[in-house]
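To begin, one chain is listed below as structure tokens, in the form predicted on its own.
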Amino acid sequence: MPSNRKQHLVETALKLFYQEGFHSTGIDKILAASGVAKMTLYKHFPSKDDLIRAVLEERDKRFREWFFGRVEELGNGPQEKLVAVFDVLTEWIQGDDFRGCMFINAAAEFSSKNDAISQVASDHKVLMCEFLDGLVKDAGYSNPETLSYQLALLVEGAIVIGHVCGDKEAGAKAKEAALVLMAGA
């Protein structure tokens, strides 16, 4: 039963942190929403930062599973998978529950590069870039490091513009730019 409570706390905190931010969401709000006692929370997570790290690790796992899986579903070959990255990005940005990237949000709220929370956010971005880099290499481009970096910039820019400016077409616009880069590579 304790692991169920622990997972329930992570689920509740994930929703609240994504909707309202890390600093804006207090422990009392998480406890009220989860129905879990404060002692139980601190038994599983000695500090709020520990809970935030657990939430980010869970979000990383789920997001990459979903994102990579959707790319595989939509793309039949290496080139098509690269294009599918931007289709999946667009699907995410256009979703009703899109509130930006939880990892960009975490990096903004915990800006010290030495912070453990910033490190989890950085690790997520590295894994996403490695995925993109693998797709570019599989597609056989002559300078894969440069192209994958450029495509990563488009992805991250689309996420920020989609969130900050509310542009639901940011992913589709990034796709247009990606196709130009890919054609010239």
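Note that residue numbering follows the sequence shown and begins at 1. Since we're looking at a predicted model, the values are computed, not measured.
Not pictured, yet referred to below: the form predicted together with another copy of the chain.
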Heavy atom within 4.5 Å of another copy of the chain in the model of the complex: which of F67, F131, Y42, Y149 fits that? Just give me the one. Y149
Quick one: is N105 in contact with another copy of the chain in the model of the complex, heavy atoms, 4.5 Å cut-off? yes
With heavy atoms only and a cut-off of 4.5 Å, decide whether A158 touches another copy of the chain in the model of the complex. yes
Would you please decide whether H163 lies within 4.5 angstroms of another copy of the chain in the model of the complex, comparing each non-hydrogen atom pair? yes
Please check if D167 has a heavy atom lying within 4.5 Å of any heavy atom of another copy of the chain in the model of the complex. yes
Is another copy of the chain close enough to K48, R62 and D115 in the model of the complex that each of the three has a heavy atom within 4.5 Å of it? no
Could you tell me which of 118-126, 49-57, 30-38, 133-141 sits within 4.5 Å of another copy of the chain in the model of the complex, going by non-hydrogen atoms? 118-126
Residues from 49-88 in contact with another copy of the chain (non-hydrogen atom within 4.5 Å) in the model of the complex: none
